[in-house]
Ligand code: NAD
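To begin, one chain is listed below as structure tokens, in the form predicted on its own.
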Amino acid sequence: METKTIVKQKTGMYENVMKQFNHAADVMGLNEGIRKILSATNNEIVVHFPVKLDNGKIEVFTGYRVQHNNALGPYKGGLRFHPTVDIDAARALAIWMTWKSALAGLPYGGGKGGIQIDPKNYSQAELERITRRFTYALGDNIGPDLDIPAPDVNTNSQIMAWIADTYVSTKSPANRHNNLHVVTGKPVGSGGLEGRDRATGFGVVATIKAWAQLKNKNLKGKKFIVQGFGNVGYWAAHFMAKEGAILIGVQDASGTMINNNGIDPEALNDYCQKNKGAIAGFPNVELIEAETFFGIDCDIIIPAALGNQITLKNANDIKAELIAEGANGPTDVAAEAILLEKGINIIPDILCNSGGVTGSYYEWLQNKRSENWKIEDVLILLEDKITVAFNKTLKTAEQYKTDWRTSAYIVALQRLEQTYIERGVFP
């Protein structure tokens, strides 16, 4: 059976994040002046830069970096290489990062950006030149105490290493090692944090475990499906399998598969490593139409791909009792209303996938202190921070008699509101 790819919606995320923000602000009675400040982004940077390709031709690329708010600390957020990257997407993702960092109790604000390309169309050497030229074009708009990028969709530790090397190469040799934490998610040999690669997926499962404990459920034998089998999707599946849960469905841009007897996450990951990251062609599974994926009969759904994947078109098909948002903005506002009406629990993205930025915080801290931390210690710290944020979200939901997404927003907004009230507004 021929399968269709995931729908790559380019618009709608910014509208979603603002609707969610305004709803939470209404529920909590956010100070009007602070509401105006948080409704706007601080800086929006668009750069156009030329790169010579392997064939000798020149191509001009467009890159973005949006810095939403830095009241709590430096801007922090990923860089993605994807055709859907534009100023609206970067704006929405930067705003989400502000809420995510505030909710997690981190000393960060929100930033996001990337380049509007499909990296599959470029060689490794071309991607290096594109990355380095983009870094140079951003110049002093990023920095270890100003704005700290990290990996996101289609970017990885290698790309972070290129960014770090390019950035420090523009600084005095005496300050080279003082600037390595301009990015996080670096390879361990380049100052990266051991275990940072699995931080987001681990955090997703930490929130699912907290949910299971709340509901007096055991994850052993629970069936789950994952959309997107990149870094977040794989590690979430890996840690879910460790808890005894069974992966029965996976979808990525190359296809949609199901096996009710279970899919081995390790075998699938090994296959993807040899197949340019795609799940297509993996043996012993049934191929199904992409549109039916979210309707698979399972207990838990982990959307870990792009935004706006759960919509009015498929919300009514969902049979799961929990959606754990590994991706940013996978559920649109209209779909969420249907899901809540059906009694489906949603662990919102700013809580569920906050393991990534929390792991980045520990890498940043490790670099600042010139230390090397062990993965076992890092994962303990991660789970503790995420569990604290989960419990705050539950408590606030009870206080305001609202859903978990709105309560997570309120926790974040209360922290920002307190900061502005205490400091005042310059001048």
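All figures in this text were calculated on a predicted structure; none of them were measured in a lab. Numbering starts at 1 and follows the sequence shown.
The same protein also has a form predicted together with this ligand, omitted here; what follows describes it.
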Which one, Gly192, Pro151, Gly249, Gly109, lies within 4.5 Å of this ligand in the predicted bound form by heavy atoms? Pro151
Between the options Ala92, Ile225, Leu268, Ala305, which residue brings a heavy atom to within 4.5 Å of this ligand in the predicted bound form? Ala305
Using a 4.5 Å heavy atom cut-off, indicate which stretch of 140 to 148, 237 to 245, 158 to 166, 323 to 331 touches this ligand in the predicted bound form. 323 to 331
Taking heavy atoms only, is Gly230 within 4.5 angstroms of this ligand in the predicted bound form? yes
Indicate whether this ligand has at least one heavy atom within 4.5 Å of a heavy atom of Pro348 in the predicted bound form. no
With heavy atoms only and a cut-off of 4.5 Å, decide whether Leu72 touches this ligand in the predicted bound form. no
Looking at the partner-bound form in the predicted bound form, is Gly203 within 4.5 Å of this ligand by any heavy atom? no
Would you give me the residues of 350 to 386 that have any heavy atom within 4.5 Å of this ligand in the predicted bound form, in order from first to last? Asn353, Gly356
